[in-house]
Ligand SMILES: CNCC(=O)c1nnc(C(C)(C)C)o1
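As a starting point, one isolated chain is supplied in structure tokens, in the form predicted on its own.
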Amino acid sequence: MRTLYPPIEPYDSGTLDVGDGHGIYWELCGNPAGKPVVFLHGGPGAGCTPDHRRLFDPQRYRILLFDQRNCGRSTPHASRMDTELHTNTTWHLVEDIERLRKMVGVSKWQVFGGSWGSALALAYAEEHPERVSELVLRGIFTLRNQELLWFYQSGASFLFPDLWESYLAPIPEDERDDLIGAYAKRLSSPDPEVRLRAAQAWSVWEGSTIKLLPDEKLRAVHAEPSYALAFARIENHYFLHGGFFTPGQLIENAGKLRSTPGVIVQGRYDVCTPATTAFDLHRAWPEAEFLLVDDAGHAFDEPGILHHLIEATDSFAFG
């Protein structure tokens, strides 16, 4: 069973001014002369972690990681209530990726994304197919209405009724017919206590259900106030707008990927992004290798998912 490569530190890092008052934190790791790859984190709003660097052979890859707008080490941070999100959309992020590609100076690169990162990877690859050498996708999420309703309104709640009670707690019963909308009101409240309570309930719900087996350390990360506020505000902003996609857009446009080598890795028991979406993508893009992991949930570091991700990045590194 394959596991993460040893820990590494960036050999270069900085902040890229992408306009609209945004500074995007980026870092380069691995081999400066290696195969270029860009890593797209989840959320939206989660940011990158040191373990994300370890998904790639550092001797063979030149690895670019970056924190998307308003989260992680990028500025301004969405935990601040005076940080506006109207210039944070999928299509702003797609153009940020292009700016980073030009900064790095490569004509094309491998694109690796999981969860929300898979949606962003698909959006980027469908917009700029000539810039993508391969796609490695995990925990497929396309922000269709049924996907959002499953996890944030009714569906996953049937599997985790105990955890769902905590998610519902900030919302009065008479507003629970539209939980995403009800959360939007509280995440924009002038009362900081109301905002934080809502943000932590939203964030911890995801942090509690992301793995097949509970992970208290992950729950603690999602409960940290600054993380929870940025994560919840950005996710809710995107979900209110359907990811800034037309309905079904990413699956419908998957025909643009037919000549792009790809791997789709999906946990069978993924509650956050159920396997039906990955299967829909597989049918629309049959040339991609489809790997359904029978003993895994959503997280990239669950053993079976991690094994297949490392296998995929290694196979593309070796050509």
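In case it trips you up, residue 1 is the first one in the sequence shown, and so on. Every value quoted in this text rests on a predicted model; they were computed, and no experiment measured them.
Below, we turn to the form predicted in complex with the ligand, even though it does not appear here.
Segments offered: 82 to 90, 103 to 111, 202 to 210, 176 to 184. Contacting the ligand in the predicted complex at heavy atom distances within 4.5 Å is 202 to 210. Interface membership of Thr142, defined by any non-hydrogen atom within 4.5 Å of the ligand in the predicted complex, is ruled out. At the 4.5 Å threshold, heavy atoms of Trp164 stay clear of the ligand in the predicted complex, well away from it.
In the predicted complex, no heavy atom of Arg195 sits within 4.5 Å of the ligand. The closest heavy atom approach of Leu64 to the ligand in the predicted complex falls outside 4.5 Å. Scanning Arg73, His237, Arg131, His222 against the ligand in the predicted complex with a 4.5 Å heavy atom cut-off leaves one residue, His222. Residues of 287 to 318 that come within 4.5 Å of the ligand in the predicted complex, judged by any heavy atom, reduce to His298 alone.
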